[in-house]
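The chain below stands alone and is given as structure tokens, in the form predicted on its own.
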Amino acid sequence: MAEKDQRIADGEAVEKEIEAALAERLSGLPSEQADAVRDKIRRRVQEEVERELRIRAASDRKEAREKEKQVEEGEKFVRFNRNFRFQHMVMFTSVILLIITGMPLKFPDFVLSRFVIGFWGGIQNSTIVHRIGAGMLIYFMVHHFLYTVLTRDGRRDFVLMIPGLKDARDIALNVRHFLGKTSERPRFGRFSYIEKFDYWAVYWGCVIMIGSGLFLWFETDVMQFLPKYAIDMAHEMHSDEALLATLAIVIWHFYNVHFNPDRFPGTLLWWHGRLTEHEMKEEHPLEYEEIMARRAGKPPEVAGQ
């Protein structure tokens, strides 16, 4: 009550100050004209006060929603460290460059292909950009190999990425769940079978694309040691794998990571590398339980029981 009384007293004090200022300003005007001006000023002041109150109320509601969201989301967990996020950025930048400069060569009669090649200033410049993207992809593979071999996180994640029997059971259970046969959903650890598919598809694609691409890049040198059909095979491998990789990225990866209803219109996980507690419980419950058990000093298997 004391706070309310104080607000009332403050309001009355402000009104007195306004009245005093108006009386001084309007002292030389006829009473009717002074009353009209006074009413007009009061309406303007009232409108400004109401507008300010609306702005403050909206700001308070937004702040309250953000606080509720923070409480709901809970703790933030670092899923991908800075090194891994840097690798991913290099990789997707290189892949985007390779797709937008490579697909026009596979489909040269397509209208958009001519536009893209023209955007780069012709086929010569487009080829240079393509090779820049190729160099970035090669760097990514070397960097990731060293990361996997030399760092503890890299070795741990590589082992966890190896497919196992649980992945087969998770696929079967997920299919049954999607068909409405069961309400149970698979409970994933650090990596689901979806993420493992993404990872090994990148490995396979990089081996094929970099290997065949180097054959085409240094065609003259290769033909000093290998017959012409080796170059023809490299060309077909490079072209078909590029189309397969593009479709896998657009249809599989983009849906699961960005266009999924739970993620739409996208996620910034690739940038900050963090998941909320709510997301951990929903998407990686076994990993969450393992983290909680480790904090409590319990054996990891206790969390899954």
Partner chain sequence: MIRHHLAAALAGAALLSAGLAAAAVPPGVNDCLECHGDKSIEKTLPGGGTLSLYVDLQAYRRSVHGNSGCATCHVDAKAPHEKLGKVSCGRCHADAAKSYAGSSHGKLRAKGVTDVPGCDGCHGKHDIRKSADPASRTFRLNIAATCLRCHKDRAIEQKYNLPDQKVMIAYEQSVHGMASRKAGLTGSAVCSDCHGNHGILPGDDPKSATFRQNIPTLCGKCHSGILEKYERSVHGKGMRAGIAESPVCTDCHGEHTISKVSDPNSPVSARNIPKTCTGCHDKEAISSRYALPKKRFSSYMDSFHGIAVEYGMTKAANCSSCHGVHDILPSSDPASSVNKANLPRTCGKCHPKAGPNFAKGSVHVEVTAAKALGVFAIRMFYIIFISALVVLFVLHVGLELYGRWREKKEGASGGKGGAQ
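Given the structure is predicted, the values throughout are model-derived calculations rather than measurements. Numbering follows the first chain given and starts at 1.
What comes next is about the form predicted in complex with its partner chain, which is not displayed.
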Exactly one of Phe92, Tyr139, Phe178, Phe119 has a non-hydrogen atom within 4.5 Å of its partner chain in the predicted complex; which residue is it?
Phe178
So which of Phe158, Phe86, Phe145, Trp204 reaches within 4.5 angstroms of its partner chain in the predicted complex, heavy atom to heavy atom?
Trp204
Can you say which of 179-187, 161-169, 145-153, 78-86 gets within 4.5 Å of its partner chain in the predicted complex, counting heavy atoms only?
179-187
Val257, heavy atom within 4.5 angstroms of its partner chain in the predicted complex
no
Glu241: touches its partner chain in the predicted complex, heavy atom cutoff 4.5 angstroms:
yes
Using a 4.5 angstroms cut-off on non-hydrogen atoms, would Ala248 count as touching its partner chain in the predicted complex?
yes
Report yes if any heavy atom of Glu32 sits within 4.5 Å of a heavy atom of its partner chain in the predicted complex; otherwise report no.
no
Can you list, in sequence order, the residues from 130-145 that come within 4.5 Å of its partner chain in the predicted complex, counting heavy atoms only?
none
